[in-house]
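Here we start with a single chain on its own, the form predicted alone, put down as structure tokens.
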């Protein structure tokens, strides 16, 4: 971390702390936030965890979940007050304040010390302290590294270990993605020694489907998966009516985009879906093909080289048409990947 000793000194006095993570938080975002919150409470800070939106119900088991404050119009005033009164604000698993919607401007103008803990590319420079490493597979791993560097390994109990393990597990795709380094296995091993239960965490995240989600997945794979072998690309689309037909809840499409990459010869997989009027895109790639570059250039997004997201202000069909229009620009790069 930048200015580690100054950060340690600042935390030596009990503070009012706020932890915020990105819109539609995943297991890494929420797990790292709740793990950090539990640690901060152990060293006598007053901690509030805030999310800009709801998140998948299969994450509700995470220790501390019942205390998370989810943004809504009814809670807007309370959240604004917490941010205003905070002495230190932790921003986890996002690289720009725009990723947390209207809370971003609250934080930008807050007088609190700001801490960025993140592994996404090209972070916005707004924080007083940074624990940032784009080579790290997960923000949960960066939280672990921070606690170790502060000399507080002994304060990681089984609940904190489970939270951090969940983030590490999912952001490495079960230790299958190419962001999985030796360091990720070392962190996972130590978290297990500190009480994380890898079998239970894996089951609660990956084997906790509703019937509706499984039926939606079957529909997507059988009816909505399009393969473009000349571009080594696969894509899927889902409109709002289709999501409603299958009773889809927040997070139900999580991971669908990865199935495209499981097809032999595919380098780029894209999921485009519409929910509550918004059109979202998820990108995954193999090798050196940068979906971060594509998402930033054309879809107001970003992320990692091989995993990124974006948004569109046009309709689902117009977004798809636009994506197909720009795809030839990347043909040479895509077909050169082995």
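Model, not experiment: these values are computed from the prediction. Numbering follows the first chain given and starts at 1.
What comes next is about the form predicted in complex with ligand 5GP, which is not displayed.
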For the three residues 15, 78 and 84, verify that every one has a non-hydrogen atom within 4.5 Å of ligand 5GP in the predicted bound form; reply yes or no.
-> no
Could you tell me if residue 307 has a non-hydrogen atom within 4.5 Å of ligand 5GP in the predicted bound form?
-> yes
Considering only heavy atoms, tell me if residue 285 and ligand 5GP come within 4.5 Å of each other in the predicted bound form.
-> no
According to a 4.5 angstroms non-hydrogen atom cut-off, is residue 53 in contact with ligand 5GP in the predicted bound form?
-> no
Mark residue 303 yes when one of its heavy atoms lies within 4.5 Å of a heavy atom of ligand 5GP in the predicted bound form, and no otherwise.
-> yes
Any idea which of 45-53, 64-72, 30-38, 274-282 reaches within 4.5 Å of ligand 5GP in the predicted bound form, heavy atoms considered?
-> 274-282
The unique member of 120, 213, 114, 177 whose heavy atoms fall within 4.5 Å of ligand 5GP in the predicted bound form | 120
Which residues within 97-115 place at least one heavy atom within 4.5 Å of ligand 5GP in the predicted bound form?
-> 99
